[in-house]
Structures are given as structure tokens and as C-alpha cells.
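One chain is shown next in C-alpha cells, namely the form predicted alone.
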């Protein structure tokens, strides 16, 4: 194991040297280590000290609140490596977009990942048109993806059809990438200028694998 990599914490200089493709490769390699049971044994307490006066994460990940998707763990990253925005259904809204603008424009992150996952409870709730308090309005944000996924007549469009649920989850990722570009002029300008990239991904809760879309 490379000791330098094991204890490395992002700095302003190292972050500035990265491109978006480097950031995506770092996440992909981290997930590969996680899958191969070869995660780095970082000195996290040392990283607390290293990041006490500043943070220079190389990526920002929008993912679901689902407890089976601890983002740093599945990407094998340490303290100060990635920003996390987590909400059931991994959608973007004004608050999430503002957080991502901070992450990229002010804090220097090079990559945004919108990541859905298989067997998503929020997507299942949207498929079943669940109603419960504030959950109702939240699930409504997934309805555009639900409407976009076409099925043959008679195909079960409920949460019982996991193939359909996962198709809706993927479409939800694509629609939220489009929404990000449309509703955040700040991020869209950075994308057009080649300063950052935004990509979609899906996490498989049965295998631990992240697939970039």
C-alpha cells in the first residue's frame, strides 16, 4: 500500500491541479478498492487536524439519504475529500444547488456526481403515489422521472416491479442533471467553461458497485 496515498489529505495546490476527469477517476478507483476489500487505512484523526483550517474537496456528490450508501466509504475517501448532499430521492432544489455552487465556485471542487441507487425507497414511494406528511411533496419531485419511463400496456408500474423502479431511478438522475444546468446559471457557466463537469451514477445496493452513466 502506498503510505503517501494512505495519509494524503487534499490541499489547495493538489485540488487546483486536478481536472474533472481526474476527480471521476479517483472516485472510480476508490469504489474499485472498496469492492476488492482493499480500502485504504487512513489516519482519520490526522486528517481532522489537516483540515481544521481549510477544506479542498475534489468532488461533490448528491446522493440519497438511504443508510446503505455511506458515500465516503463506498468511494473509499477520507476527511476533506468530497462534499456530500444527501436527500431522499437524490434530487436537486434551491438549497442543494446553492450548496453545490459553494462547493464548486467557492471551494474549488471539480466534479459533481448525481447518484441514484437500486431499490430506492423514495422512488418506490413515488411509484406507489405514497402520501405522508412532508413526504408527499418530496416524492412529487420524482414524478417527472416516473412519467418519462414508458412501459408496455399492462406492465406493473408499482414498487413491486424492481426493474421499473430502477429505470425510474436512472431517469431521475438524468432529469436532475438537466435541472441543475437549467436552474443554476453559476454551475452551468462553469460547465460550459470546462471548469467542472457533472455526471450521473447509480449505486447497486446488492453489490456495492458504482456505475457511472
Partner chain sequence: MTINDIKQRLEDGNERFIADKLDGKLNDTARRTELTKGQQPYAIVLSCADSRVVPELAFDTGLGELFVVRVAGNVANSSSIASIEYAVAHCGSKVIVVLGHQSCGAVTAAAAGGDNGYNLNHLLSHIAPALDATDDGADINTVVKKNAQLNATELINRSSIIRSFVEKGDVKILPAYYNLDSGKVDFL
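Numbering follows the first chain given and starts at 1. Because the structure is a prediction, the values reported are computed rather than measured.
In what follows, reference is made to the form predicted together with its partner chain, a form of this protein that is not presented.
Heavy atom contact within 4.5 Å of its partner chain in the model of the complex, the stretch among 41 to 49, 169 to 177, 143 to 151, 22 to 30: That would be 41 to 49.
Test of understanding: in the model of the complex, would residue 68 fall inside 4.5 Å of its partner chain by heavy atoms? Yes.
Does residue 128 make contact with its partner chain in the model of the complex, using a 4.5 Å heavy atom cut-off?
Because no heavy atom of residue 128 falls inside 4.5 Å of its partner chain in the model of the complex, the answer is no.
Within a 4.5 Å heavy atom cut-off, is residue 183 in contact with its partner chain in the model of the complex?
Yes, residue 183 sits close enough to its partner chain in the model of the complex that at least one of its heavy atoms falls within 4.5 Å.
**Request:** Please check if residue 161 has a heavy atom lying within 4.5 Å of any heavy atom of its partner chain in the model of the complex.
**Result:** Contact check for residue 161: no, nothing within 4.5 Å of its partner chain in the model of the complex.
Which of the residues spanning 129 to 144 lie within 4.5 Å of its partner chain in the model of the complex, based on heavy atoms? Going through 129 to 144 in order - heavy atoms within 4.5 Å of its partner chain in the model of the complex - the hits are 132, 133, 134, 135, 138.
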